[in-house]
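Only one chain is included here, represented as structure tokens and corresponding to the form predicted alone.
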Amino acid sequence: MSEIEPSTSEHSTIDLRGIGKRYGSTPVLESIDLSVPAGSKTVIVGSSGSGKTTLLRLLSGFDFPDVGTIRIGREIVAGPGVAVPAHRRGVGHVAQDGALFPHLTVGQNVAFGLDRHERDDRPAIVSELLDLVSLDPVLASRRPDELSGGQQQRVALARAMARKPSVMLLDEPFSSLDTGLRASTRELVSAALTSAGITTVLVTHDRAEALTFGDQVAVLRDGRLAQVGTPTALYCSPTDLATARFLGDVVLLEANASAGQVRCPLGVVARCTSLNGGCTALFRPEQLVIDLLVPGVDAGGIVARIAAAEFQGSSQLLTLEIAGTSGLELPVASGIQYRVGDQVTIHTIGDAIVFPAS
């Protein structure tokens, strides 16, 4: 038996152009353009009702777009006069609940996707696939209900990989797992897909999952792609406030742009030549550093008073009174126990992201 080797074929690229889908008179997806490079992982993230599931169904071949084209490698699989069914697309699919066959063993579940000519090598191939998803091959004789939720999801991935797909589609496969298990399972699945060189599209509503899993993140909102880019680019340079809020905590301050500078209660926080007048300055919480004010020591920064402090375990939510604001809420680590009435200094790291006033 030959080893499972990473795929380098250009046939695993994905390209969507002008995709639109309606159910009755209701538009679900509009003008979707998205490219997924071969061997990479793209995450489509959005809230419930944004169109994520519909987009995944169009990629898998369980449904077809009303307009636009979908290409996998060199082949157009959906478009005007073209509707390649799911079983002919070379696409693997892992559902939210794994969808394992309860009456079959783990090994039988994994072997279900093997071609007939591979049946003589079934035990060896099954062992290799289980090892690829970091599962002990001795688990092959167990039933799915004897495994943890994370193990079941990895078995489902191994079964999908048995068909040697050029593309893997993951439909919120970690959402039913508890927090700790979700993170570890996600890391193992990501490593397995990268090792196999399989082009992957993950759909999720979890922003942390999107930022940690994907090489590329596509934010879907109201049926349209709001922004596509690397996780770092989307987190640090969101194109609109809605995307910024969706991808992480924000601190918003009223600001004013004049003579190329953006000024807010924290001072000059950015340079901007495209805006003039009222605007909004956005910081991520980690860009704002606070320290207790030491009497008689000029530490610089902006002086503020703590008006409220809410303990939240690993963090505290502070409400800071600063001249020119109605109160600034800022989450900070719980290493220092701040008290109401304490005076602190605030320093900024890097520039604020500036948006026109809404």
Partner chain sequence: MTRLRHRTPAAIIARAAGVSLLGLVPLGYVVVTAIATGAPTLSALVFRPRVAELLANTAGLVLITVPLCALVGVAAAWLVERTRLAGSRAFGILLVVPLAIPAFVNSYGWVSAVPSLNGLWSGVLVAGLSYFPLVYLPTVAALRRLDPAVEESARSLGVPPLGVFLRVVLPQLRLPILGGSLIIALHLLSEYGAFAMIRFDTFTTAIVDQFRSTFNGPAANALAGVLVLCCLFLLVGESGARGGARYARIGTGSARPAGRTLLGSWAPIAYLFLGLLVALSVIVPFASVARWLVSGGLAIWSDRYLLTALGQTIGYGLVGALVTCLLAFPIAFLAVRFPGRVARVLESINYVTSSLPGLVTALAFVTVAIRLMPALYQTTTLVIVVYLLMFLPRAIVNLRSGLAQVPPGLEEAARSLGRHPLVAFSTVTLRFVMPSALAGASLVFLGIVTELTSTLLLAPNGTRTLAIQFWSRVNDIDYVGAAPYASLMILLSLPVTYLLFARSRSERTAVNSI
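Take the two forms, find the largest set of C-alpha atoms that superpose within 1.5 Å, and that set is the rigid core. Positions refer to the first chain, counted from 1. All of these numbers come straight from a predicted model, not from anything done at the bench.
Missing here is the form predicted in complex with the partner chain; even so, the following discussion is about that form.
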Within 4.5 Å of the partner chain in the predicted bound form, all of H87, H93 and G113 (non-hydrogen atom): yes
Residue stretch of 134 to 142, 105 to 113, 177 to 185, 277 to 285 approaching the partner chain in the predicted bound form, non-hydrogen atom distance within 4.5 Å: 105 to 113
Partner proximity in the predicted bound form: Q152 to the partner chain, non-hydrogen atom cutoff 4.5 Å: yes
Any non-hydrogen atom of R305 within 4.5 angstroms of the partner chain in the predicted bound form: no
4.5 Å heavy atom contact, D97 and the partner chain in the predicted bound form: yes
F311 within 4.5 Å of the partner chain in the predicted bound form, heavy atoms: no
One residue of A160, A244, C264, V201 in contact with the partner chain, assessed in the predicted bound form (non-hydrogen atom, 4.5 angstroms): A160
In the predicted bound form, the one of G51, G68, G39, G61 near the partner chain [non-hydrogen atom within 4.5 angstroms]: G61
Is_shifted L253 between the shown form and the other one (CA, 2 Å cut-off, rigid core): no
Post core alignment: A86 C-alpha displaced by 2 Å or more between the shown form and the other one: no
Core-superposed C-alpha of T105 shifting 2 Å or more between the shown form and the other one: yes
